[in-house]
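Next comes just one chain, in structure tokens: the form predicted on its own.
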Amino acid sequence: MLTFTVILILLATLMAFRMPIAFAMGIAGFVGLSVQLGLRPALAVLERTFFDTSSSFILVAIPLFILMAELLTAGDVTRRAIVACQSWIGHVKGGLAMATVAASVLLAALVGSSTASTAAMAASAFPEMRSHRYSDRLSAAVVSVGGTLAVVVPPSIVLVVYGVLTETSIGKLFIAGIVPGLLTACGLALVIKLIAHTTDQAPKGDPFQLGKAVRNSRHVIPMALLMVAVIGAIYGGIASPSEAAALGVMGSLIIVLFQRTLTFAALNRSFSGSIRATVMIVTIVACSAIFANYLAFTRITHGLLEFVATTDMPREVIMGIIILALLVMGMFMDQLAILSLAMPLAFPTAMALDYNPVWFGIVVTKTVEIGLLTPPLGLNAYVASAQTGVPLRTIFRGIVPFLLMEILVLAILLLFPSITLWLPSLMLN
């Protein structure tokens, strides 16, 4: 136990000195293995872990989904999705903000990254709301919370990483994320509606013009069909997530080439961005596996499972403790760091309590989504502040009512697991 405490102190120290979480976990895990087993066996475990993790076929889905998002963003399709949503509902009171949430759902299905979605919204939707005299407080808050939808709505990179770390079906995770994602979007829209009718932060937009709305939507239809094809292929058991991701890349390339919106420089940036993001994620997964191996050799996980099996505490209380711990971690870490640190212990505990792994994955994902909005880190708020120039204090104040709705949705998912598991139960494969 003393060695484990020292390793935890080492991990915390490395993180305090701002070492990337992947390297901090890898170093701490390797040092722990060296103390536990000796240097040669530790090197053997290190070699095997890196090979087994990085050669996993399911990891192919990560660069492909990222590349699909990069291509559509570079081809200006994401901006057009925002404009189309604003054309349809931007004329009602609070409509531009609700259109931003609707566009965030579409963007989430394209981008799969919360910070990228927030940055895109801040660049496109925020200036539009400001020009229509929306308060900066509401506009920046909507941009921040809208970006979190990319964590739950498929093809979420966070869900892919959770699936890899826990060996849970990524296809079922994707399908399970649809209803919670839409439920969250509806909750956010309801908050906007209440704010619009009780304050003067969200005036009406331009009058509705059917012709303009139809014109702005025609460029988005191919993208919507592509999303339906990708998710439908997974849902129907026609393709695995990796195969569906390849279909998405091919479809994205066809769309942007047909619409003549992709330049060679943008294509080059898309490939470069995909490679950088993929290397970062695979490194996190591999180093997390090293730390998980250390926990296995120390039998910490085994001891925790024995405690769960013998304790008189109700399983709901234990789950509440896990959720609370994840919420606290979300105040200081990004979502991938939380998954890599917490899942080696939290996932076996949840399985010992006989919870469904797909349901647990959505609950965990929803919990780390909330962490993107809570200070002091609140990563999405920082991205929105950097893009819009709105002070962080103002954004965090605007986020409060949305944060309460996020917690309410999380509570609903905890109390009613069938909301999450209904769609996956209908899958053909």
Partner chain sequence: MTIFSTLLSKLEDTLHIAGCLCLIAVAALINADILLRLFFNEPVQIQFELTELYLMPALATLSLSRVFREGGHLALDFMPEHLPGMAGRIAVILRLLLPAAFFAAITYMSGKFALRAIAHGDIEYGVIDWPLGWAYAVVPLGCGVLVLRLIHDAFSKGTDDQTQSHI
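Each form is matched to the other, and the largest set of C-alpha atoms that superpose within 1.5 Å is called the rigid core. A quick note: this is a predicted structure, and the numbers were derived from the prediction, not measured. Numbering follows the first chain given and starts at 1.
Beyond what is shown, the protein has a form predicted in complex with the partner chain; the following relates to that form.
The stretch from 124-132, 247-255, 143-151, 190-198 that comes within 4.5 Å of the partner chain in the model of the complex, counting heavy atoms only, is 247-255. Here is the short version: of Leu421, Ile407, Met15, Leu414, the single residue with a heavy atom within 4.5 Å of the partner chain in the model of the complex is Met15. Note on contacts: among Thr283, Thr349, Ser87, Thr73, the single residue with a heavy atom within 4.5 Å of the partner chain in the model of the complex is Thr283.
Contact annotation for Glu243: at least one heavy atom lies within 4.5 Å of the partner chain in the model of the complex.
Contact annotation for Gly32: none of its heavy atoms lies within 4.5 Å of the partner chain in the model of the complex. Of the heavy atoms in Leu59, some are within 4.5 Å of the partner chain in the model of the complex. Within this chain, Tyr355 is remote from the site of the partner chain in the model of the complex, having no heavy atom within 4.5 Å. Residues of 24-46 lying near the partner chain in the model of the complex, listed in sequence order, are Gly26, Ile27, Phe30, Leu43, Ala44, Leu46, the criterion being any heavy atom within 4.5 Å. After superposition on the rigid core, displacement of the C-alpha of Tyr355 between this form and the one not shown stays below 2 Å. After superposition on the rigid core, the Cα of Phe416 moves by less than 2 Å between this form and the one not shown. Relative to the superposed rigid core, the position of the CA of Ile275 differs between this form and the one not shown by 2 Å or more. Figure legend: C-alpha atoms of Ser124 and Ser272, shown here, are separated by at least 3 angstroms less in the model of the complex.
The pair Val383 and Ile21 is tighter in the model of the complex: their Cα-Cα distance falls by no less than 3 Å compared with this form.
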